[in-house]
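One chain comes next, on its own, written as structure tokens: the form predicted alone.
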């Protein structure tokens, strides 16, 4: 088994077909298929179920995928370490981040990083849920993860960056007390706009409501996977939501009423990484993030 074969398997998984994988590399489709078939013979197991033009990982393929991604990541670290001898002038950095952490702190960090290292390509992916941040770093799909993690995941390392307050975002015209704070118990009286179960925002909202009143039965007015729709829904009067402070302040500029919650609701923000050596690009980004906590 070699890196080329591992990269072909990962490309087929990422692109869905042998043809699309070959075009992405690029290599001829017969050459890619032959390399994967040779690898399967070496391993003594089929890695894919061939379903016409579509392919699906077999159980053996599922077991092979994560070590293959990690092997490619390790090779990239080794190549980048050599390049680092002459300066961080090229390379790639893969970061997975919760969408609500992209506006702050990720955008500012990436901007500063790119000004310092303009030759490095930064790729940002958004996971389906909070656990996927850790999962993508563990599998090697991303080298760094930004999430609301406060316990060190098994086999990984954690760099705490700070804590981020969450605000209530309310329809225009909502009245507030003189101190401009909103008791969580009052938030529970609004129909709530939230993301699906398993997402970071839904989990934090549930925790706040349970602490305020364990017996409360809040009304969920809208559940949406489209986070960009939350503020327009609030503005349209569909209900109330909670958002990180930077996003809440952007909503206030559009006319929403925002308020810090009482008791205060906040979440940890941390950088998740492998416990072993990082690529020079990832290490430079980590140093920048750790050196600029918020």
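Since this is a predicted model, take the numbers as computed values, not measurements. The term rigid core refers to the maximal set of C-alpha atoms that superpose within 1.5 Å between the two forms. Residue numbers count along the first chain shown, from 1.
The discussion below concerns the form predicted together with the DNA, not included here.
A.B. asks: Assess the spot marked by 172, 254 and 286: is the DNA within 4.5 Å of a heavy atom from every one of these residues in the predicted bound form?
C.D. replies: Checking in the predicted bound form: none of 172, 254 and 286 is within 4.5 Å of the DNA.
A.B. asks: Taking heavy atoms and a 4.5 Å cut-off, does residue 243 contact the DNA in the predicted bound form?
C.D. replies: Output for residue 243 is no: heavy atoms all beyond 4.5 Å of the DNA.
A.B. asks: Within 4.5 Å, heavy atoms only: does residue 225 come near the DNA in the predicted bound form?
C.D. replies: Close contact is absent here: in the predicted bound form, residue 225 is far from the DNA, nothing within 4.5 Å, heavy atoms only.
A.B. asks: Does at least one non-hydrogen atom of residue 236 fall within 4.5 angstroms of the DNA in the predicted bound form?
C.D. replies: Flag for residue 236 set to no.
A.B. asks: Evaluate residue 58 for contact with the DNA in the predicted bound form, applying a 4.5 angstroms cut-off between non-hydrogen atoms, and reply yes or no.
C.D. replies: No.
A.B. asks: Spot the stretch among 23-31, 65-73, 264-272, 226-234 with residues whose non-hydrogen atoms come within 4.5 Å of the DNA in the predicted bound form.
C.D. replies: Result for this chain: 23-31.
A.B. asks: Considering only 131-151, what residues come within 4.5 Å of the DNA in the predicted bound form, judged by heavy atoms?
C.D. replies: The stretch 131-151, when checked against the DNA in the predicted bound form, contributes only 138 at the 4.5 Å heavy-atom cut-off.
A.B. asks: Once the core is aligned, please say if the CA of residue 11 is shifted by at least 2 angstroms between the shown form and the other one.
C.D. replies: Yes, shifts by 2 Å or more.
A.B. asks: Rigid core fitted, is the C-alpha displacement of residue 42 between the shown form and the other one 2 Å or more?
C.D. replies: Yes: residue 42 shifts by at least 2 Å between the shown form and the other one.
A.B. asks: Superposing on the rigid core, is the CA of residue 225 displaced by 2 Å or more between the shown form and the other one?
C.D. replies: No, the C-alpha moves less than 2 Å.
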